[in-house]
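Below sits a lone chain in structure tokens, taken as the form predicted on its own.
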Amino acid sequence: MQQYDVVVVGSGPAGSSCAKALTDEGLSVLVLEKEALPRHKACSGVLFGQTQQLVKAYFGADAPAEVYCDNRYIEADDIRQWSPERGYFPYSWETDKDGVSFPRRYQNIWRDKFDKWLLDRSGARYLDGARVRGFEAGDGGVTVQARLAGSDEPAVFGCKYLVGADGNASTVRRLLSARTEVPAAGGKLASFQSYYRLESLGTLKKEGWTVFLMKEIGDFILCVHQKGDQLVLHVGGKDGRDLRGSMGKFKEFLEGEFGVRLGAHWRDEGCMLQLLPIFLGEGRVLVTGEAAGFIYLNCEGISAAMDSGYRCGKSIAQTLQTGGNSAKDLYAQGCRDILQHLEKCLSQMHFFA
């Protein structure tokens, strides 16, 4: 059985930030990722101002040129909502935190390349195609069972702490919640997006990002923005809604109202999500990022994931180095400002039709 100081489940921004905090302290870290890397993800692929600052602070550099789309930037003022009654009006995807405002030139990136860059820069060992099946936690550590791609034999890893950074549908949180009886909240939502080669934006603003809230098409936000020579369309609905049908209606609407012309279809992405209650874990098993319920204004998740993940890692490192306070207590104390900002974001949420 291979032994590590910490095993992190999930290689997204939360997992990589947690791993970076730990490796910076000289600890051994293994990241387990269920998908083959690099992997696409249902996401706008836009780095807002706070995320840009966190990338510099935690990873010591700006994201490299190869992770950006050809249309590298989206200005905050070019993100607009449209309705037939009002036409265009401002739409905010980021708000000040602790009285500090963030850059309003947002970076347009490919999530598969960005996430892989973060993971590589973390310095942690990682295994992709590794699906966690269970774990056993005790006073002395945690034993993690996983199924590796191409193997019929279960792999077992030992660690002092286990971190679930595996997103909204977290396996770690689900397994831990079953033991600690932490309930999930709210109904499930489905997010679906399609990429098409862009032939013409019609009357939509070039380099912009347009948002719609139209109950007849989707239960929450609809949006469209350009990524290189592709146009990405996003629709969302409650669990059970026919989102492929919604996507067809959205395309017809864009073509008819704005003269958008789309070429060949490239790919689809989708996921299920819930607005989860905050849950940081128990004992030697912690959760972070979306798995812990951290999400910001209008369901922006990258900045909250990076910030909570890094603080989770630092809390574990401090506990292992000093043998003092519980990592969970340190983690909770370190995330108080994140929790306050989350409440502010929820009060300003403008996401549902």
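Numbers follow the displayed sequence, beginning with 1. Just so it is clear, the model here is predicted, and its values are computed rather than measured.
Another form exists, predicted together with a small molecule; not displayed. Remarks below refer to it.
Scanning 208, 141, 167, 237 against the small molecule in the model of the complex with a 4.5 Å heavy atom cut-off leaves one residue, 167. This chain lacks the partner; the member of 111, 160, 97, 121 within 4.5 angstroms of the small molecule in the model of the complex by a non-hydrogen atom is 111. In summary, the region of this chain contacting the small molecule in the model of the complex, judged by heavy atoms within 4.5 Å and restricted to 152-160, 128-136, 277-285, 77-85, corresponds to 128-136. Residue 56 falls outside the set of residues with a heavy atom inside 4.5 Å of the small molecule in the model of the complex. Taking the partner from the other structure, the small molecule in the model of the complex has no heavy atom within 4.5 Å of any heavy atom of residue 18. In the model of the complex, the small molecule sits within 4.5 Å of a heavy atom of residue 35.
Mapping the unseen interface onto this chain, residue 316 falls outside it, with no heavy atom inside 4.5 Å of the small molecule in the model of the complex.
Using a 4.5 angstroms heavy atom cutoff to the small molecule in the model of the complex, all of 39, 193 and 295 count as contacting.
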